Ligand code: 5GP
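Coming up is one lone chain in structure tokens, specifically the form predicted on its own.
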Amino acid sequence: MVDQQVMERIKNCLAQGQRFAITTHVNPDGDGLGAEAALANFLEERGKDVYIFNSNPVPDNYDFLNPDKKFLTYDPRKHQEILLTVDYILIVDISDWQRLRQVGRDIRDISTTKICIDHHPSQEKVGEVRLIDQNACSTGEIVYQLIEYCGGPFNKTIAEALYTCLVTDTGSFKFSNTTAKSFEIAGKLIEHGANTHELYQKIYERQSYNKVKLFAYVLNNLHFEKSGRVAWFAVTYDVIENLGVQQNDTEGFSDYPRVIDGVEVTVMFVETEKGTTKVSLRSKGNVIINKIAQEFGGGGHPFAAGIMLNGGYKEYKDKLLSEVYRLFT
């Protein structure tokens, strides 16, 4: 349940402020981008000025959320001054300063009130005002409740942005975080104009040829351990360069091996151009894996978690996988 007192405080902030900045985590997904788009449209409909700054560009399959090209890739030389002039900063789908990258470093210590809206468990306290609900299926679910609390209205743009949040973070309503409330809100968003068929095509049926090539590589390089209960794979930066793909082309890959009969936990290592390694941990729902993520400085949900490591994947592979294997001893 969201905190009604916090909702009231945020409602007042949104009403009083005129200039807002919105940001989300590195390599933004459908939930982070959808929450940003919905909040931006809601505020702009009320005559507010909104700036969206992210660490990475919008992936091609989510560019329908950015028709006016308002999502900007953060450049401190161009945008830091704007951050100093806004009335409030909204941080969505993340409560971890590290995963905000340079945006986070530039806003962490400024006096502007920061509002964090998130559904992930966190060891940190990000922002002065925090609307956190770990039971929500997505940040979009919380944003829906906030906009509803503020009196709406919900137009087609907001409805489709929030439906994107729900459908992507629940794995098209297949994951264990799907609840009756998820379907209830999805139904209301459809009533407000969300076209589910078109959204599915835009999100899932616009994969680039290069992404399919990368997926083929992943399928040919799956490793199985602990009698097939653990599946892991690595996408090195050399592979990314050789195939001509982007790091964000790996979105969704960590979920796929769970469809294999007998696999309980999947681990994906992805090296980045900056010499770091992104680790995604997924569980079919019988094994809790976020504690392992926390041990390595990451976090997330019990059955979906992530880590960002400094260095190549080979530096951490054996140690991290050994912790995963312990779950089956």
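One rule holds for the numbers: they count along the sequence shown, beginning at 1. Remember, it's a predicted structure, so these values are computed and weren't measured experimentally.
Same protein, other form: the form predicted in complex with the ligand, not shown, and the subject of what follows.
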item	value
Contact residue in the model of the complex, chosen from 320, 307, 22, 10 - any heavy atom within 4.5 Å of the ligand	307
Per-stretch contact check against the ligand in the model of the complex, the hit in 258-266, 55-63, 42-50, 297-305 (non-hydrogen atom, 4.5 angstroms)	297-305
Interface membership of residue 283, the ligand in the model of the complex, 4.5 Å heavy atom rule	no
Close approach of residue 211 to the ligand in the model of the complex, 4.5 Å, heavy atom	no
Distance check, residue 96 to the ligand in the model of the complex, heavy atom within 4.5 Å	yes
